[in-house]
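One chain is shown next in structure tokens, namely the form predicted alone.
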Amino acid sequence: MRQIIVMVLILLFALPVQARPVSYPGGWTVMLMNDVDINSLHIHYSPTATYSVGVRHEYLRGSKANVDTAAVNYLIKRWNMPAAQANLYIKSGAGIAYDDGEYDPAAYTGFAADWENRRFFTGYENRFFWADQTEKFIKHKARVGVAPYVGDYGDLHTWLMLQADYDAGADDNFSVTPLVRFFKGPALLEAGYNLDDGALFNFVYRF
């Protein structure tokens, strides 16, 4: 556990480019996320550059439950540097979890930090999820990545990434996922394969 805490702290201060939870003012974002634990669809609207509101649906593979929430994401702080940028967000939601006709209040919160320049990125996020009779967990995710080339504006950008996940309540509580990210214009695509035999596929589109 000590090694995991140290890794998280290092990544926080090295601060991935994330699929950012807040867009430009007036922007809509669709986020489709799939990994070994959760399938989710998140649609949000950003009235300003500091927060977004939306809805999120997810399927929890472990408990085989569905969760619907209203979501709010807030940009706590952004650091603009000459050749890099860092961000700190809080992401929260509340709604219901349901399975086989049983319903449960559900809520989550957590923060995400990212740092990037045109060559490197790294970041960390956590998520505290509670649905009393359905599922409760605390998850941590960290990423590091490198761009094999630096493209110009409008080019197809590529990053090679390594993701580490930690869930204290799971039998297999630590996992590693190599993945590749492609980004061009308003679209972002990620694909990878967990070393414990689970696929990862994420798609984000801003409009």
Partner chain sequence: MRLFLLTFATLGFLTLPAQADHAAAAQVHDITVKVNGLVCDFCARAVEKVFGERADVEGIDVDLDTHSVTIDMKEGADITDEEITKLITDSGYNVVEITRAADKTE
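Numbering follows the first chain given and starts at 1. Every value quoted in this text rests on a predicted model; they were computed, and no experiment measured them.
Another form exists, predicted together with its partner chain; not displayed. Remarks below refer to it.
- In the predicted bound form, N126 stays away from its partner chain, with no heavy atom inside 4.5 Å.
- Put simply, A84 is close to its partner chain in the predicted bound form: some heavy atom of it is within 4.5 Å.
- Contact between D152 and its partner chain in the predicted bound form is found at the 4.5 Å heavy atom cutoff.
- Taking the partner from elsewhere, G198 is found to have every heavy atom lying beyond 4.5 Å of its partner chain in the predicted bound form.
- Exactly one listed residue, out of R143, H44, H140, H157, brings a non-hydrogen atom to within 4.5 Å of its partner chain in the predicted bound form: H157.
- Only one segment in the set 66-74, 163-171, 23-31, 51-59 has any non-hydrogen atom within 4.5 angstroms of its partner chain in the predicted bound form, and it is 23-31.
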